[in-house]
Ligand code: NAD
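Before any questions on binding or motion, here is one chain by itself as structure tokens, the form predicted alone.
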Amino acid sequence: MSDLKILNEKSLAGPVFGSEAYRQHEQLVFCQDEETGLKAIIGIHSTVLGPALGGTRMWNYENEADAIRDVLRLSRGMTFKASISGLDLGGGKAVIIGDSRKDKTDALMRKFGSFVDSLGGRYITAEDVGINTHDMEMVKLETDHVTGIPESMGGSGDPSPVTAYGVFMGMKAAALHRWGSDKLAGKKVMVQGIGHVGETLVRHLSEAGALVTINDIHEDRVMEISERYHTHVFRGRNIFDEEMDIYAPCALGATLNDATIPMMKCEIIAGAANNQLADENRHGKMLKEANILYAPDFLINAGGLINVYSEIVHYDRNESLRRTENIYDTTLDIFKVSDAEGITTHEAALKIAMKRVEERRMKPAGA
């Protein structure tokens, strides 16, 4: 199957450069190595603000078209995440096609690192779903264009705790806007996805006195986290049938869609997953019409990016956490813009993020 045919499947219709999915992207790189079994795609959305930085995700996609669509959406989101956080970074992302529990090897990660290195610094990688700090060590053996490496190697370590802290800050801001108090004690929170970020978010919520229910595709992980933090475990067939105050999607995106939004019984959505809205415009408006307050994902999950950026500009974990706390105030500002202009919270966040990119794009070279 040719790359062009893949791009044209499943709504990636029309010419590659004219397709909506590829719009404004600078580069899409296909990486394959038969010896290690590596099949990866690197998407560079923008380098206007700086080199494109974004994590690498390893996932067993149903088909290659899904993988392409994911990397395009994720890399675009990274541009806005960096912009709204005030970082001098562009947006990029990578996906490795495969089961991280079975297919991942050190040799595969090193080969991926060599592909990253071949881009000459246009793309800087880090961790994402299915990838850990050890994997970044392997990548580091082949390229310096990597962040999120262990502190023992001079890096900032696992960015997941800082990502979770930012989501917690955004959730508290949403609670203040909706209920007049940012206290989460007694609030029913459904956390979907309890990987590294989800687990840390569960810890923050439990310590804050929230009534936490967890859900994940891995039963062993569910039992481990439930016992550790004394949470409820969702055993039903459809989590959106569950009564909850806050829904926190922390796994893959697009859980906010035509089928799920009409069923939702929550008042706030604030989670770590990227691209939570299956369709940014339509589903953002559906949430607004349903009076569900949505904390934009690329804003509140930016803590991990803020943390790995520290490796580039050389500040420590405490400074990363301090900067991540600013997500609280920025989230409140986004809600105010949304209310004042009658637009969705996603549109409000996107408007602010795009403004900074466009201002930099129009700035004369050397100015």
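Sequential numbering from 1, following the sequence displayed. Remember, it's a predicted structure, so these values are computed and weren't measured experimentally.
What comes next is about the form predicted in complex with the named molecule, which does not appear here.
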Here the chain appears without its partner; judged in the predicted complex, the stretch of 283-291, 270-278, 105-113, 145-153 with heavy atoms within 4.5 Å of the named molecule is 270-278
Among Arg76, His196, Lys172, Lys140, just one has a heavy atom within 4.5 Å of the named molecule in the predicted complex, namely His196
None of Ile217, Met223, Ala185, Ala259 but one has a heavy atom within 4.5 Å of the named molecule in the predicted complex; the exception is Ile217
* **Touches the named molecule in the predicted complex: Thr163 (any heavy atom, 4.5 Å)** => yes
| message | Under a 4.5 Å heavy atom criterion, is Ala82 part of the interface with the named molecule in the predicted complex? | response | no
### Task
Flag Pro159 as yes or no: does it have a non-hydrogen atom within 4.5 angstroms of any non-hydrogen atom of the named molecule in the predicted complex?
yes
4.5 Å heavy atom contact, Ala295 and the named molecule in the predicted complex: no
Taking Gln192, Ala251 and Asn301 as a possible spot, do all three reach the named molecule in the predicted complex with a heavy atom inside 4.5 Å?
yes
